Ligand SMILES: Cc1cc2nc3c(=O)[nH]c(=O)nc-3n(C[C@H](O)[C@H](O)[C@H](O)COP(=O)(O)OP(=O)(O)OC[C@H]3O[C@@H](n4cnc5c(N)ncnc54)[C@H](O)[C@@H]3O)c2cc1C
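There is one chain below, alone, in structure tokens, taken in the form predicted alone.
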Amino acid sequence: MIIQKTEEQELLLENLQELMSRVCTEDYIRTCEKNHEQPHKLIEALVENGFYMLGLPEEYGGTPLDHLTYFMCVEEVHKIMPPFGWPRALSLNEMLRLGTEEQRKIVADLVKQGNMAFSFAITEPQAGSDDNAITTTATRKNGKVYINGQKTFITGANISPYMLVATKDPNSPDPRKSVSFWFVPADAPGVTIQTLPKIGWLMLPTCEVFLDNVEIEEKDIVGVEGEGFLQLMKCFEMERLTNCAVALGSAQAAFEDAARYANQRVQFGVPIGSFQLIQEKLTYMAIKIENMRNAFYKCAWEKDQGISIQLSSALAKLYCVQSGFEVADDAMQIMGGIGYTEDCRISRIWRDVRVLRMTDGTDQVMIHIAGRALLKKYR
């Protein structure tokens, strides 16, 4: 399908591009990565210019936006920036849809200030792709709720005031109706958070979380008790589109850097871009980027039309994150040794895009989801 950007979309993206190029110099990005800190200057600029609240309802201080335009903005940001915790609007919309009025207000007020309001505390050491295997429990006693368990690979747990903690009722007869979510203060007694060292996403911490008799109230439940798994699946569809946007923006940046370098780098007396093997790499990189954009934009358009994206989001995520990494890898090959140094943007893109094939559903899980849906379609 052909999607032509409207004048409004073009203007919005131009303004965002101007802001990004003004605030996010390579030196600034390197400094944030070296110090393992969030890009606070950028976050402040996004808040001041109204971008941080894109996609959220007006009554909570946001700017409503269709999904396609929203994801175009995400793509634009990640042509320059590594993942740093933005966007959060889609996951926040789930909280605004399912949470209590008190929870909604807390979340909206935090985001308005440029904070990551909450982290998703779902994954556990024995439960990665298999969300139903979580063992964290919520036990009622004397009118209170007590959470016990361990979470791992929790993005932003140590910089978020709250956690959305998934628990499981081991006595439920239906595993698909045994998961519930709770809104837990990250500084509550019994919560211990430790950061995990990793090779990429250096602006965005990843943590282990230990929950030892963490006391909360009944009012802290989010959504319907026992319906957390279904809530999670819907949220994952949107998060997968976010992954597509990050992969596409990153791949575009890697491609452009490699193409410029191919015109400039001289070997054997001529620019390496004159060699057919380099031209072949660039050609297939361009084809992959075009296909990524088509699959991704089509899926976002379907969401705007009210069409189910259970299948298309899995297909788009699988293709975009795989192809995005392949483009980054070919870009590094074209750049040669300089591409493997920390001073080169390609090296950062290469390591940051790789994890997209794991987060919010691995390649293998995407194949499982898509395969089942395709078979069901042709029964």
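Throughout, we count residues from 1 along the sequence that is shown. Computed from a prediction, not measured in an experiment: that's the story for all the values here.
Beyond the structure shown, there is the form predicted in complex with the named molecule, which is absent from this document and is the topic of what follows.
Spell it out for me: taking the named molecule in the predicted bound form, does every residue among 155, 198 and 359 have a heavy atom no farther than 4.5 Å from it?
Yes: 155, 198 and 359 each sit within 4.5 Å of the named molecule in the predicted bound form.
Please run the contact check for residue 247 against the named molecule in the predicted bound form: heavy atoms, 4.5 angstroms, yes or no?
Judged by the heavy-atom cut-off of 4.5 Å, residue 247 is well away from the named molecule in the predicted bound form.
Verify the contact flag for residue 271: yes if a non-hydrogen atom of it lies within 4.5 Å of a non-hydrogen atom of the named molecule in the predicted bound form, no if not.
Contact with the named molecule, no.
Is residue 194 close to the named molecule in the predicted bound form, meaning a heavy atom pair under 4.5 Å apart or at it?
Heavy-atom contact with the named molecule at 4.5 Å: absent for residue 194.
Answer with yes or no whether residue 183 is in contact with the named molecule in the predicted bound form, where contact means some heavy atom within 4.5 Å.
No.
Look at the stretches 139 to 147, 92 to 100, 117 to 125, 209 to 217 and give the one with heavy atoms within 4.5 Å of the named molecule in the predicted bound form.
Single hit among the candidates: 117 to 125.
Sort through 129, 113, 308, 264 and report the residue having a heavy atom within 4.5 Å of the named molecule in the predicted bound form.
For this set of options, the contacting one is 129.
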